[in-house]
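There is one chain below, alone, in structure tokens, taken in the form predicted alone.
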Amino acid sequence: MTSELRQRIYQQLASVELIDPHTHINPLDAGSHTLVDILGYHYYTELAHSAGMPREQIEDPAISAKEKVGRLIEGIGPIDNTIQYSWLIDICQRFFGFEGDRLDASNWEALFDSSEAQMADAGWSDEVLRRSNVKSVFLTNDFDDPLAGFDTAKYVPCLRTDDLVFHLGKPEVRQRLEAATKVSVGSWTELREAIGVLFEHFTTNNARACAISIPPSFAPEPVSDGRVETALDAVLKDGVNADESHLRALSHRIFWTLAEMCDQYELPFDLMIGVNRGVYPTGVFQGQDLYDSRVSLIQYQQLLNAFPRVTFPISVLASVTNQELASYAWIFPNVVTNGHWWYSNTPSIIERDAAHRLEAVPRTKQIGYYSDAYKLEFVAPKFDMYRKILAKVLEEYYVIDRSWSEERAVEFGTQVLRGNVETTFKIS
């Protein structure tokens, strides 16, 4: 049974207006339109597929939104034990007035129709933010995003750089870069100039971070001007078929240049480390990637030492890397622990990982959580899960075990939940 003390701590944390420092929200289409936007989240499709639902039924392009929801409802019965299912029920109760604790054949159609009517309201996204007690969310913007048509204080831009680092061998990526920067890339000098144009564009439009998702094998290191010119020449000539050594040298130099730009423009560089893409190629969309426990932060030793003025909020994909991350944040002034990502985003793992971070890392260097949401409706249930865990850890490890006052514990929790987001990303 939850104690009264834990409930009080939780309620005070729940009153804190949130800034979500990492999402995949589209600011021009932030909220959902039907339940398919919610049940289509990869957590549900991959779990339903894992439980036996054929991918062809899930990803059939010929079916309507309502029919797809009906199919998914039939397939999600075996996942009602998961935390993801509890997010779904929370969303339905919080936003659509659902009174049950399970979606099934007897109730989903009525919920589909009533929720669709609510989501059709022109102010739905703002209403979701209000009910979620969210001030703003960070975005994940393609490097060629014009950043137009939305409030950049509410939807905060973040320059996502995966394509620049890992896919510049694709002609379409280079074409996008040229269109966005008006720089024709034929030399390293021109490529560096184009990257500078991107940083100028993003920082002018209130960007608060640069970010990248990185495979386990990546170990960035400096590359000389002469070597990168040779590598770029080969990539411009042969594209993705260039020799692996050239592709690697180019990606390392681009990555290093991003860190240099973050230093120059005073942007934090979010590193999301450890994802192997396409491990399960016949899985559903976004349900094909897994972590690799062979990853180590020692691969970033040179980077962290070379850029002491750049703040690196670091996310690791699996709990097995959490102690190493906490230890790096313990030693390196420029390393910040950042959220509980993907396969670490379940209560039992968060509790263990969060407790270790809270005990081991300076209180100013911890960003407690981010939702990683694709639609606004997911921000509230995910953060609520984290707040409940945070309240439990603060109660047990600090108020009970270390005799902190309730007020002191809440102050600490508030800093981890909101304050450090403001200071790390320089939000006034």
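Numbering starts at 1 and runs along the sequence shown. Just so you know, these numbers come straight off a predicted model, no measurement behind them.
Omitted from view is the form predicted together with a further copy of the same chain, to which the following refers.
Any non-hydrogen atom of R176 within 4.5 angstroms of a further copy of the same chain in the predicted bound form: The answer is no: R176 has no heavy atom within 4.5 Å of a further copy of the same chain.
a further copy of the same chain contact in the predicted bound form: L358, any heavy atom under 4.5 Å: It does: once a further copy of the same chain is placed as it appears in the predicted bound form, L358 has a heavy atom within 4.5 Å of it.
For H33, is any heavy atom within 4.5 Å of a further copy of the same chain in the predicted bound form, or not? No, H33 stays farther than 4.5 Å from a further copy of the same chain in the predicted bound form.
May I ask you to state whether Y398 is within 4.5 Å of a further copy of the same chain in the predicted bound form, using heavy atom distances? Although a further copy of the same chain is absent here, Y398 would touch it in the predicted bound form, with heavy atoms inside 4.5 Å.
a further copy of the same chain in the predicted bound form: contacted by all of S86, R352 and W404, heavy atom 4.5 Å: So, yes: the whole triplet contacts a further copy of the same chain.
Looking at A329, L129, V185, L258, which is the one with a non-hydrogen atom within 4.5 Å of a further copy of the same chain in the predicted bound form? None of the others qualify; the residue that does is A329.
a further copy of the same chain isn't shown here, but in the predicted bound form which of G149, G97, G123, G278 has a heavy atom within 4.5 Å of it? The residue from G149, G97, G123, G278 that makes the contact is G278.
Which of these stretches, 74-82, 238-246, 222-230, 107-115, has heavy atoms within 4.5 Å of a further copy of the same chain in the predicted bound form? Residues of 74-82 come within 4.5 Å of the partner.
In sequence order, which positions of 227-255 have a non-hydrogen atom within 4.5 Å of a further copy of the same chain in the predicted bound form? None of them.
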